[in-house]
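Read the single chain below, which is given as C-alpha cells and is the form predicted alone.
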C-alpha cells in the first residue's frame, strides 16, 4: 500500500498583516491563521493519488496547538492521519531547523513513498522546504510538479509532468520521491459535511521534542537556525502612474515626449 505524506503549514492571512514602522516587527494581533493556500494543492494531489491507486495519507505540520485546525481541514477532504509537532523548543525555527524537526518526527511514525509539499508558503515564500525535506528523507525530488501521470507501486516508479518557464517536461522517477505541487490540475478541494464530521472525530498525534529519540536540540528552534531576521520593512510603493490620452496618437506621443524631456 502506498504511504503518502503531506507537509502543510498554518500561516497568518498576509492580506491582513501590518508592519510596525517603529519596531520593524510584523503585527499579528487579531490576524486570523489559515491553511497555506499552496499546501491545499499538495493535499489535493495526494488525495487524487489515493483515489486512483489506493494508499493512505498522513499529514504533518509543525506549529502551535492551534495548528490542529488546519490538520482537521485537510482530514476533511480525504487525508487519513495527522501529526502535530508542537513544543516551545521548536520555536523561532528557520527552514533548516523546521525541516530537521519535521523529518525527525515523521520517521518515528512510518516510511513514505511519496511526500507532497506546496511550492512555497505565503508568509515566507522562500521555496526552500521542499529541497531540504527531500534531502533529509533521502528522496528524489520534482519541483513545480503539475500532473502525476502514473504511479507504479510494484516497480516503485512514477511519471510526473513538471512546469518549466516556457514549457513542460515529463519525468520518470523512482520512489521515494518528494513533489512540490503546482495548482494547475489540483485545485483545493472543498470538504463535504460528512468529511467535516468525520474529521472532528479523528485523533491527531501530537509530538513534542521529548517524543523524538536522539533529537539534537542544537539543530532545532532558535539555536538550530542560522537565518536571522533582525528587522522587516514594508515595501516602498512607487508614485502612481498617469495615463496619457490626448485624443490622438500624434498628440499623445507629443505629450509623452514632453514628460520624458522634463
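Keep in mind that this is a model prediction, so the values were computed, not measured. Residue numbers count along the first chain shown, from 1.
Another form, the form predicted together with ligand FAD, is not on view; read the next lines as being about it.
S.K.: Quick one: 41, 44 and 182 and ligand FAD in the predicted bound form, is every residue within 4.5 Å by at least one heavy atom?
M.R.: Answer is no for this spot.
S.K.: For residue 123, is any heavy atom within 4.5 Å of ligand FAD in the predicted bound form, or not?
M.R.: Residue 123 belongs to the contact set for ligand FAD.
S.K.: Is residue 229 part of the interface with ligand FAD in the predicted bound form - any heavy atom within 4.5 Å?
M.R.: Yes, residue 229 lies within 4.5 Å of ligand FAD in the predicted bound form.
S.K.: Applying a 4.5 Å heavy atom distance criterion, does residue 5 contact ligand FAD in the predicted bound form?
M.R.: Looking in the predicted bound form, residue contacts with ligand FAD do not include residue 5, since no heavy atom lies within 4.5 Å.
S.K.: Is residue 86 near ligand FAD? Define near as a heavy atom within 4.5 Å, in the predicted bound form.
M.R.: No, residue 86 sits far enough from ligand FAD in the predicted bound form that none of its heavy atoms falls within 4.5 Å.
S.K.: May I ask you to choose, among 114, 142, 129, 148, the residue with a heavy atom within 4.5 Å of ligand FAD in the predicted bound form?
M.R.: In short, 129.
S.K.: Using a 4.5 Å heavy atom cut-off, which stretch among 189-197, 231-239, 208-216, 55-63 contacts ligand FAD in the predicted bound form?
M.R.: Contact-bearing stretch, as computed: 55-63.
S.K.: Listed by sequence position, which residues of 77-109 have a non-hydrogen atom within 4.5 angstroms of ligand FAD in the predicted bound form?
M.R.: In sequence order, 91, 92, 93, 94, 95, 98, 102 come within 4.5 Å of the partner.
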